[in-house]
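Below you'll find only one chain, the form predicted alone, shown as structure tokens.
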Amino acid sequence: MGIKIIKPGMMSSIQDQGRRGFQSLGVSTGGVMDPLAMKLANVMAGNPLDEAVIEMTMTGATFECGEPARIAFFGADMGPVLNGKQMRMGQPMELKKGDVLAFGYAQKGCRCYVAVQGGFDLEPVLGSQSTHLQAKFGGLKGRVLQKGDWLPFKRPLLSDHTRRIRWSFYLSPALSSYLGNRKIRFIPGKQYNWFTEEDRERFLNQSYQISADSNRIGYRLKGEQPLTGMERQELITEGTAAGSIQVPPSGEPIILMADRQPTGGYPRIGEVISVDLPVLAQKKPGDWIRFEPVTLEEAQKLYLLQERELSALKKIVQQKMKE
């Protein structure tokens, strides 16, 4: 059976790490906006890190469990309530048939991820269960979740009865401290030197507000002064990457996100480092950010630290589940 959608929330969909290797065919990568929250939810549920999850945005969904299940959720604090009782974020739980789990408005952060042990039994498209909302394929019928939808599980929980999971764990700063962060680190983009020194200083020294005209494709930024001093050179269309900071003729940067187009033709002043993409994913329209440059070597060290922390946490959780 699985779980039933009682209320879908603002924009809830099935996502995983996305479709890789198809950009040359015009298919965007897609996938979760916050890969770290997805991985942490899967770790706590006892899943592989890349198992598909439910991504909830701004306002969470309400679910009714149709069979016993072990679930976990991580990301924005949406005030989860189980059968009318407030629950803690970041702690796995086991649900009985008929249990109702409800999420509300995100008090901190923007996106929350729900993982179920074993994953969801949905047909992959091009090797991924992610919902491609623009092309309308993947996930559940290629769309956001709706009231009355059922999400079947790949396999049922082994026991017919459930128990209260009493353990919790400590998350290191490398894994837990990003939700309220305003600092976005980047390495210089391929066209960084096309911008005048004045523009580069302006980019670093002013704060940017995330525009209401932002979505899973990209975040539009508004600063006090646009970047309009770049050299006028012909730019051949290039492949895009999550975190590319493009600057169109308006001088107001756009950060490409999960559902970005496969190619783009605006100059790139920077590339957001991978460990800070989750920071961006948890920002709402109206939030403010600042940019900070780092070297490629620093970005690689930060990524390896995060991966080591995830690996260590996974071992701890696996041991706890055996107790």
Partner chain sequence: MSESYQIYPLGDSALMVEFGQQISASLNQRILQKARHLENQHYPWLDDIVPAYTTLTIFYNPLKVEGSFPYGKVKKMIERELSSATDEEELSSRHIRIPVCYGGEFGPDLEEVASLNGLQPEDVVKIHTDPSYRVFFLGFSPGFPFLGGMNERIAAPRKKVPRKKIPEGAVGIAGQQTGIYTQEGPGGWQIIGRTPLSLFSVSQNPPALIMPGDTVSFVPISREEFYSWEETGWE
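Residue numbers count along the first chain shown, from 1. Just so we're clear, the structure is a prediction, and the values are computed from it rather than from any experiment.
The same protein has a further form, the form predicted together with the partner chain, not shown here; the description that follows concerns it.
- Using a 4.5 Å heavy atom cutoff, Gln134, Ala241 and Ile273 all lie near the partner chain in the predicted complex.
- Although the partner is absent here, Thr237 sits close enough that one of its heavy atoms falls within 4.5 Å of the partner chain in the predicted complex.
- Contact between Leu304 and the partner chain in the predicted complex is found at the 4.5 Å heavy atom cutoff.
- Using a 4.5 Å cutoff between non-hydrogen atoms, Lys315 does not count as a contact of the partner chain in the predicted complex.
- For the chain shown alone, Pro285 is not a contact residue for the partner chain in the predicted complex, no non-hydrogen atom being within 4.5 angstroms.
- The stretch in contact with the partner chain in the predicted complex, judged by heavy atoms within 4.5 Å, is 134-142, chosen from 86-94, 134-142, 208-216, 99-107.
- Of the candidates Val81, Ile187, Leu221, Met230, Ile187 is the one whose heavy atoms come within 4.5 Å of the partner chain in the predicted complex; the others do not.
- Screening Leu175, Leu126, Leu179, Leu122 for any heavy atom within 4.5 Å of the partner chain in the predicted complex leaves a single hit, Leu126.
- Annotation for 56-95: no interface residues with the partner chain in the predicted complex [heavy atom within 4.5 Å].
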